[in-house]
Ligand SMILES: Cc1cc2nc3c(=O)[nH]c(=O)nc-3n(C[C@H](O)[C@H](O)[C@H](O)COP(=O)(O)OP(=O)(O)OC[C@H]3O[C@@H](n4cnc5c(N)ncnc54)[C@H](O)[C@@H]3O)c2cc1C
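The chain below stands alone, shown as structure tokens; this is the form predicted on its own.
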Amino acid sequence: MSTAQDLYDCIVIGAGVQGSFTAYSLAKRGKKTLLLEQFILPHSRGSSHGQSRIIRKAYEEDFYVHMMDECYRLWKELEQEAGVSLYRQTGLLLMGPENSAYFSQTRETLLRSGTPTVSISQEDFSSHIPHMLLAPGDGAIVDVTAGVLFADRALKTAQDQFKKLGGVLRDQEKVEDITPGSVVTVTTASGSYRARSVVITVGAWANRVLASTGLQLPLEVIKINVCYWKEKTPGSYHVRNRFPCFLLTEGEEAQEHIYGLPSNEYPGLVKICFHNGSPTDPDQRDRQTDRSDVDILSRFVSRCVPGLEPEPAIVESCMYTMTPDRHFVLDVHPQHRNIVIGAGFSGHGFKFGPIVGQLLCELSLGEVPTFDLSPFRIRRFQGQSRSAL
């Protein structure tokens, strides 16, 4: 146990994917870093657990595509450094109404960025993507470089590399108070720690941890039912049979995204989820039993993925922490420049872990960030937060 007299360069609060990569980035820079986690590791209480996540460049916004260019490089660098495989290229099939704003803008962004793509016509769809149906009027384009991140392995790798670089990771240390100042004091149930800067990356608990700093952000925590669907014919949707990840921008069942990953992590089961859920308390997550998203998915599977049983075989839980515009918060505290906040990753942040970690590291060191962070600044919420910004 460190004493109150020990001084760290930085304390990172929250050992999910963003916090772990932030701590790793700081340790790579030779900074004395403490990473605190409220639960015993590993755990499935937050937003970074599970075996798989989609990695893609298919976004409406150019700034995400530019960030992902660097992020792919950083993922590869970590693989080589640690000697582990963290990513499998499968491609991402993007589908949606041909003339809808999201589909058409995302297609244009992919083409403008020079991302390798394959466009698929209605007539050729079934020969390219068997066992799946494309709705009349929908377009289809494949982001060729996309694929599956091995999430649990990636998270552990970032934490392991952080510790190899001399970083200190302490789990079961729930933060009870943060005292701002030129040196910030972080108090947990086990003691107090001091640092020149603090980075807060606690996911669904962001506003609870921020409360002692006088800041509240317009964040909504929702529970997602993570569903796995059984193949009627084993292997039909397996990654070895070149079935891709997919994202339906909007459809007959709902205006929100529906996304899926090929059968791989569970034999004979395909992960398909709805990109929305119902509000929840992060400490009472399992008491929220709404299954309206599962009903939406069952209708989608029946209509578009006929080779799967229309009821999920397994339902797990995850949480999204949503901002009003669905973009991240990557910024310094409005009143305390040495308190840095990474929050509101809105269900699409995992793939950005390495670059988010680098950016939060740069902010904590008072450096000019590698990327323009204006889309992620707190000031965009002026009038929406629950305290003065």
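Numbers for residues come from their place in the sequence shown, where the first is 1. For clarity, every value in this text was computed on a predicted model and none was experimentally measured.
Only in words, not in the display: the form predicted in complex with the ligand, which the text now covers.
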Hey, in the predicted bound form, does Y259 get a heavy atom within 4.5 angstroms of the ligand?
-> yes
Check: So, in the predicted bound form, is S364 in contact with the ligand at a 4.5 angstroms heavy atom limit?
Finding: no
Exercise for review: Mark F243 yes when one of its heavy atoms lies within 4.5 Å of a heavy atom of the ligand in the predicted bound form, and no otherwise.
Suggested key: no
Would E37 show up as a contact with the ligand in the predicted bound form if we use heavy atoms at 4.5 Å? yes
Among 189 to 197, 76 to 84, 172 to 180, 305 to 313, the stretch whose residues bring a heavy atom within 4.5 Å of the ligand in the predicted bound form is 172 to 180
The ligand in the predicted bound form has a heavy atom of only one listed residue within 4.5 Å, and of A27, I355, I54, L330 that residue is I54
Checked I272, M319, L219, V142 for heavy atoms within 4.5 Å of the ligand in the predicted bound form; positive is M319
Applying a 4.5 angstroms cut-off on non-hydrogen atoms, the residues of 175 to 203 near the ligand in the predicted bound form are V175, T201, V202, G203
